[in-house]
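What follows is one chain in structure tokens, specifically the form predicted on its own.
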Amino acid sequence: MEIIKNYLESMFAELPNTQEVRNAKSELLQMMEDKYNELIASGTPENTAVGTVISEFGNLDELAESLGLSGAVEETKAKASEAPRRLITIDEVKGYLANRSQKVLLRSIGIMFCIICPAPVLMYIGNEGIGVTLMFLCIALGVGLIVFSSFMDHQWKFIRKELCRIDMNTASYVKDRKKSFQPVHALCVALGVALCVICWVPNILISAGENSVPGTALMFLIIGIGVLLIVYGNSVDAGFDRILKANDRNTVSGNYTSDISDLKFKSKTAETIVSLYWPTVTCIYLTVSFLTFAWHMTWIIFVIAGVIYKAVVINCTEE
């Protein structure tokens, strides 16, 4: 019976997500279940029963008129002809997610190297040659990793640039992967933010007298690790969301991921604002902290940002 339900989902996937379509889908499912149970009760093998049900009820074009879906079916055909959506198979999704995990790890490490590059100069005061050499080495490694990572997903660019869709089984697989990654994501972001907030502590605990160099160098290292964790966690999670948002939200297949995020953004601009909110807050925190050196006070920025975030989400999303 599960095969029949999956086949029914594929039949209705691209139809408009209207009450009329949902009612017709429920009606057809009931008809298919009744026929399947009738065949099983008469002693028909399960595989044969499934094949018979699909052959009898599996052509939506033939059933459209009796189900009252002629208009919806024609509209869907016209839309598919004008803007066809490429089906992303589950194997392609697995490859994309594996590739993205590697890509964002390299990019995150590259960003970390760029952030910690001043540390060698601070540690080798009095021997500027070594310090500057190590600084440029960090920059070279960082930029190299970032550039290299940008070429790693060339074969998956169609996911970003083309209209795509996924089936119900693929959506379920990605949702399970996303759910499994949630504890890791939460830990990465929480620990990353915590490291950025406490990065000033080495200046107090390690610095002796007027020698604040070791503490400052360690501060850059802590910030670099914190940013690495934040970027990695958010970027991997964004990969799941990219796949889950492939389907047109106005179609039946848009319901496949309705339990992942109930947020419906008013526009692409609104969605971008929400997605960039916390990275922007982190940049503001670091900028203000470096300019004022008031690390013991600037953590309050995150508290204020948390209050404002709710208002931002309300104004950027539809009820």
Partner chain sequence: MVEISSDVSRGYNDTMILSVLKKEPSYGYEISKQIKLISGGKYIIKETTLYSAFTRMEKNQHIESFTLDTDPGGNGKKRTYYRITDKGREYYREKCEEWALTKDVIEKFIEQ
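All figures in this text were calculated on a predicted structure; none of them were measured in a lab. In this text, the rigid core denotes the largest set of C-alpha atoms whose superposition between the two forms falls within 1.5 Å. Numbering follows the first chain given and starts at 1.
As for the form predicted together with its partner chain, it is not shown, yet the points below apply to it.
A.B. asks: Might E46 be said to contact its partner chain in the predicted complex, defining contact as any heavy atom within 4.5 Å?
C.D. replies: So E46 does not count as contacting its partner chain.
A.B. asks: Would F57 count as touching its partner chain in the predicted complex under a 4.5 Å heavy atom rule?
C.D. replies: Yes, F57 lies within 4.5 Å of its partner chain in the predicted complex.
A.B. asks: Can you check whether V281 is within 4.5 Å of its partner chain in the predicted complex, heavy atom basis?
C.D. replies: No, V281 stays farther than 4.5 Å from its partner chain in the predicted complex.
A.B. asks: Mark N250 yes when one of its heavy atoms lies within 4.5 Å of a heavy atom of its partner chain in the predicted complex, and no otherwise.
C.D. replies: Close contact is absent here: in the predicted complex, N250 is far from its partner chain, nothing within 4.5 Å, heavy atoms only.
A.B. asks: Looking at its partner chain in the predicted complex, is some heavy atom of each of A24, E62 and L67 within 4.5 Å of it?
C.D. replies: Judged in the predicted complex, A24, E62 and L67 all sit within 4.5 Å of its partner chain.
A.B. asks: Of A270, M31, L286, V50, which residue is found within 4.5 angstroms of its partner chain in the predicted complex when only non-hydrogen atoms are counted?
C.D. replies: Checking each option against its partner chain in the predicted complex, the one that comes within 4.5 Å is M31.
A.B. asks: Aligning on the rigid core, do we see the C-alpha of N59 shift 2 angstroms or more between this form and the one not shown?
C.D. replies: It does shift by 2 Å or more.
A.B. asks: Taking the rigid core as the superposition reference, indicate whether the CA of A305 shifts 2 angstroms or more between this form and the one not shown.
C.D. replies: Moves: no, less than 2 Å.
A.B. asks: When you overlay the rigid core, is the Cα of S275 off by 2 Å or more between this form and the one not shown?
C.D. replies: No; S275 is a residue whose C-alpha shifts by less than 2 Å between this form and the one not shown when the cores are overlaid.
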